[in-house]
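This document opens with one chain alone, in structure tokens, the form predicted on its own.
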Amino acid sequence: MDENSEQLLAKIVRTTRVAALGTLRDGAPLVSMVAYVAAQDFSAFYIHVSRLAQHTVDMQKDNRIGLMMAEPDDGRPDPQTLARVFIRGVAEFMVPGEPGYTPVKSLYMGCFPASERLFELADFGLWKITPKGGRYIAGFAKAYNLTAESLKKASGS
């Protein structure tokens, strides 16, 4: 991947606040919107969701997920040229009080200050998504397979 494409990938991951989350519901795809934050080196993505939500129930049954972020639509004639990132990963519930939980909670609340009240609700929890691969479309004729290593390289960490 060329340097400009890596920089655009990092910009999308760091500046986009919402992603499409794909889960499996009764053997069929379910896609929903979630707010997320990324680890500095893109080794993990974190979401804070209600256990009452369908996607959370789905992750408890089958932790394989998809996550997609994209450049904002700027009105260009061909929206198919917008850059987008697809990540395949596994989701893992983060238990409050376990090592690593507090820094992730702080990271999340730093990005989404209004989420503080949600951390007080018993049905909300943090989930860690570990990338296992993916695809990055940086624009016309610029498609790349993603690995944990290529995500880390693009992060600059």
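Remember, predicted model here, so these are calculated numbers, not experimental data. The first residue of the sequence shown is number 1, and the count goes up from there.
Only in words, not in the display: the form predicted in complex with a further copy of the same chain, which the text now covers.
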Has each of Pro29, Leu82 and Phe124 got a heavy atom lying within 4.5 angstroms of a further copy of the same chain in the predicted complex?
yes
Answer for Arg135 alone: is it within 4.5 Å of a further copy of the same chain in the predicted complex, judged on heavy atom distances?
yes
If you check in the predicted complex, is Arg64 within 4.5 Å of a further copy of the same chain, heavy atoms only?
yes
Is it the case that Tyr108, even though its partner is missing from this view, gets within 4.5 Å of a further copy of the same chain in the predicted complex, heavy atoms only?
yes
Using the partner position in the predicted complex, report whether Ala10 sits within 4.5 Å of a further copy of the same chain, counting heavy atoms only.
no
Please pick, from Ala70, Val57, Met94, Val104, the one residue with any non-hydrogen atom lying within 4.5 angstroms of a further copy of the same chain in the predicted complex.
Ala70
Interface residues of 114 to 151 toward a further copy of the same chain, as seen in the predicted complex [heavy atoms, 4.5 Å]:
Ala114, Arg117, Leu118, Leu121, Phe124, Arg135, Phe140, Asn145
